[in-house]
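One chain follows as structure tokens, the form predicted on its own.
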């Protein structure tokens, strides 16, 4: 089997997490909405426990954790859920950045079609937005500012502390897409100014199909969100549907382990990163994103003369790696992130994203570089 180096896409599940998921599927399968017998009582207790485990990672309150199917749904709820508030208050100005995930950019497009004014803030060659650009664009009618914590393609940590200081004196709601950084960078999500934080279980060694929106209260009230679907009134009326207890318990365990083992996971990832950089530098790789702000588990590079789709195909028996270009047999869409950073088309088309974790097996980097070197000068290079 090839070594898996695509952890930014999804992570392998921790064995301890898998065991908990299995337990709540096979044995403790009660419905937390039916606490009229021990099965339901125990299921509700498991959900409450998971809320505490997740909230602890970002210093939030358990009742501020709203379970969803993942960060995409959380992003949509955080953005589209403010439509009614914007219409009620007359605040119709929204801000986000050019490197956001499509799960943020596309809801913003919906808002624009509904008559909201959307401002897209550019980023620099380092892959980070400039907080001062957001500061300059803030208006009295700014309803929402949405920024990611860590970019999913480059692994670059965004300047959230600086932006938090700027937003401290403004009433705009602040949403942070933390799908790639929750449990990996602990410091940047702890500040209380963040109103809404999205996360996914499968990015932190938990199960797929579960995530959360952390909605911090201002005073006694949650942010003024409206649900995207109705029926049942679960999750404080914001997310209807029977709670998937096995997935929730798994996400809670994954959050607990991410917090408990953060230091040792970081050291393992740093060691792999050093090996990767050493090997790829010999091929003339150019890193996309500022090394000083890139988290230890990800590396985005361009390899001159080696198209990414050919590299991925040639390496498939050695490592599983991804490209920042979406390549299929009938279409090719270049990375909007790298283009927003000012990368040339050639640099975009030769980019590869390597991402790993503490569970990653040893990589034969000599074989990787040998294969990549062989692509240079070959037909089609």
Partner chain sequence: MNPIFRELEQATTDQFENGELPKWLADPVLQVARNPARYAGQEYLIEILLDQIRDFDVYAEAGCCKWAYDHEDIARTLRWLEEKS
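Positions refer to the first chain, counted from 1. What you see is a predicted model; the values in this text were computed from it and never measured.
Separately, the form predicted together with its partner chain exists; it is not shown, and the next lines address it.
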- Kindly confirm or deny that 71, 212 and 226 each have some heavy atom within 4.5 angstroms of its partner chain in the predicted bound form. no
- Item | in the predicted bound form, segment of 310-318, 335-343, 349-357, 47-55 with a heavy atom within 4.5 Å of its partner chain | 47-55
- Query: Any chance residue 278 has a heavy atom within 4.5 Å of its partner chain in the predicted bound form?
  - Reply: no
- Message: Residue-level question: is residue 236 within 4.5 Å of its partner chain in the predicted bound form, judged on heavy atoms?
- Response: yes
- Heavy atom to heavy atom, is residue 17 within 4.5 Å of its partner chain in the predicted bound form? no
- in the predicted bound form, residue 365 touching its partner chain (heavy atom, 4.5 Å): no
- Relative to its partner chain in the predicted bound form, which residues of 61-79 have a heavy atom no more than 4.5 Å away? 61, 62, 63
